[in-house]
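Next up is one chain by itself, shown in structure tokens, the form predicted on its own.
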């Protein structure tokens, strides 16, 4: 993970991972902005910005006065987007580093 990434994007990645992992399944309510900010030691405005991105992407829905809920299909959509980003950005870097280090993919498989 890039240490220079903005905090709201790091929070967004953590929340996305929690949705993908089923910590927040479809229909589950996300923690309030204040609760997550306190838990993460972050500014509430930073958490709100991360949540806003999920709302803009249609991955959560807001019920005014109640909370923010994970929509149906959010985990699948996030998983697909994460997979695409991994293959497009991260995997080429990993493959290049492996070549530089003289590692063969077979070297990474656990010995039987």
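Positions refer to the first chain, counted from 1. Values in this document were obtained by computation on a predicted structure and should not be read as measured data.
Omitted here: the form predicted together with the DNA. The next part is about that form.
Look up in the predicted complex whether residue 72 has a non-hydrogen atom within 4.5 angstroms of the DNA, and give yes or no.
Outside the cut-off, so no.
Does the 4.5 Å heavy atom contact test between residue 78 and the DNA in the predicted complex come out positive?
Outside the cut-off, so no.
Could you confirm whether residue 83 comes within 4.5 Å of the DNA in the predicted complex, counting heavy atoms only?
Residue 83: no contact with the DNA in the predicted complex.
I'd like to know if residue 33 sits close to the DNA in the predicted complex, meaning any non-hydrogen atom pair within 4.5 angstroms.
Yes, residue 33 is a contact residue.
In the predicted complex, which of 19-27, 100-108, 87-95, 6-14 comes within 4.5 Å of the DNA (heavy atoms)?
Partner-contacting stretch among the options: 6-14.
At 4.5 Å, heavy atom to heavy atom, what parts of 57-71 sit next to the DNA in the predicted complex? List them in sequence order, or say none.
The stretch touches the partner through 62, 64, 65, 66, 67, 68.
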